[in-house]
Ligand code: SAM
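One chain comes next, on its own, written out as structure tokens in the form predicted alone.
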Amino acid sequence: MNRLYVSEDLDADLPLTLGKEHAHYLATVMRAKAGDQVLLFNGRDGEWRGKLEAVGKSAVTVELEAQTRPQAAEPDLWLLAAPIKKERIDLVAEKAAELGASALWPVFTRRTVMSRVNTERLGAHMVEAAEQCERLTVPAVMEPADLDKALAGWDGGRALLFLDESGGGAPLAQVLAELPAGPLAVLVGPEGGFAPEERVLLSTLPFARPVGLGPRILRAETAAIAALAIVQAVRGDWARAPRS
């Protein structure tokens, strides 16, 4: 059954018409036809099963039949990642959605090579990943910022765990076990790692802690995925509601 993220409200009493983008996907890519069933979610109203009433080139009408899963709380987990090459940052965005991140924040560090970030493309990858992995929300893509500015406006109630490739941090799983429950962020540096002055700055912040992922130096995208996987394993959202 096709599963789609939509922006429209989902309710049994509301008529629903999907626009050209969804119509093209359903009619041309998936060869869907009237009478087929589809699953829809919007990040607010849970997941709904609907029946396609009419499938055209520019619009699709859907009759919502029943809510299959209620909306549920998900971890408040940000991933701050220095932009890297296109294919690799796309992979990070995709896996961040699959591994439960609530937001992706591209941050420019001293050694970041890339100077631009296509946030629209990253958002599209996250939508597709959310549709496929059956989560009920799509992570936000925050406006890219310099690391210094991001830290200057930081809410101290959100713990920040930065991956310290120099080996100065305790194992990530150990630190997670010691932290109280609450909003969390993971910071991953660029290919060349954090500059010394950035590491000094981070070490002075009361809300930041260095963490490690083991004895090997990992690629930036590998480190981001590994860190999110550990967070998911230790503090993830395990109580998924069954689909009705």
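Because the structure is a prediction, the values reported are computed rather than measured. In this text, residue numbers run from 1 along the sequence as written.
Another form exists, predicted in complex with the named molecule; not displayed. Remarks below refer to it.
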*asked:* Within 4.5 Å of the named molecule in the model of the complex - does that hold for a heavy atom of every one of Gly189, Phe194 and Ala223?
replied: yes
*Just one of 175-183, 213-221, 29-37, 42-50 has heavy atoms within 4.5 Å of the named molecule in the model of the complex; which?*
213-221
*asked:* Just to confirm, with a 4.5 Å cut-off on non-hydrogen atoms, which of Leu163, Leu160, Leu147, Leu136 contacts the named molecule in the model of the complex?
replied: Leu163
